[in-house]
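Just the one chain here, the form predicted on its own, laid out as structure tokens.
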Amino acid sequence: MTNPKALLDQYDIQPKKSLGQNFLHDPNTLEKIVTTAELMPDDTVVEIGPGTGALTKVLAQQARHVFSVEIDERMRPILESELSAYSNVYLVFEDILKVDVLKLVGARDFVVVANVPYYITSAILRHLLDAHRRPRRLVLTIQHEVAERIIAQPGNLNLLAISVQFYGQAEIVTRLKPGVFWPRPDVDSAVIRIDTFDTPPVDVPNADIFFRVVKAGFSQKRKQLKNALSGGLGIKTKLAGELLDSAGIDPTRRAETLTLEEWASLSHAYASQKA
């Protein structure tokens, strides 16, 4: 495997901090990521941030189609050279947040595998999970602290955790030390796997109402729920308290303590009040 530093030096390219460029180069880690994806020979993969193509090569050997989306046009000559032997790899030089992923993959079921820039992890997850047809599975290399936030449980829940857990089952597969990347990041990373649900695990009026209520609850995190909901939904505190009462939730609790089921009950109470 060609060292990413050597490749970048060859093309006179410096990693951009603004793009969160830390290139995976450890062969064992690359194999672990692809094994975690549980790819079948007929699978289609969307890879985000191929960088110098190290992970892309391993994916191309396991899947039928690999669509690699890279925002940095400077990587084009490296990727075209490194991946020239793989006719099943399709390079897309665009911002993943602007890519219509479903148009890219067509009617195919697909898996997302990515070394995600830390600063846009949440935005990428929203982009992929809010779509009307979601990936079957996502295997992402992200900042370890963010991975821990995603798998948080009631008592320590947050908006990101609920946004992911509403759509899929998330687990941290392994923790990665900075040395498996070049340049070395300042923090540990983690490989997280998210298996998406066919339908959400809780009954809600619709996703828009559910997330409107959840976002309102977390809009003033340190406040009691009745006050946070009042401000976030633009309703009187008395009405917010009544909504919580009708959902069987103590109005003095805080957003991070509610379960997914309780948020669902609250969204139904809000939908009924709006009807």
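Worth saying up front: this structure is predicted, and the values here are computed from it rather than measured. The first residue of the shown sequence is 1; numbering continues from there.
Keep in mind that the form predicted together with a small molecule is not shown, yet the notes after this line are about it.
Put simply, Y119 is close to the small molecule in the predicted bound form: some heavy atom of it is within 4.5 Å.
In the predicted bound form, the small molecule sits within 4.5 Å of a heavy atom of N115. Taking the partner from elsewhere, G217 is found to have every heavy atom lying beyond 4.5 Å of the small molecule in the predicted bound form. Contact annotation for P251: none of its heavy atoms lies within 4.5 Å of the small molecule in the predicted bound form.
Taken together, the three residues D43, V58 and D109 lack any non-hydrogen atom within 4.5 angstroms of the small molecule in the predicted bound form. Interface residue among E171, D188, D130, E94, judged by heavy atoms within 4.5 Å of the small molecule in the predicted bound form: E94. Residue heavy atoms within 4.5 Å of the small molecule in the predicted bound form occur in exactly one stretch of 202 to 210, 219 to 227, 233 to 241, 47 to 55, and that stretch is 47 to 55.
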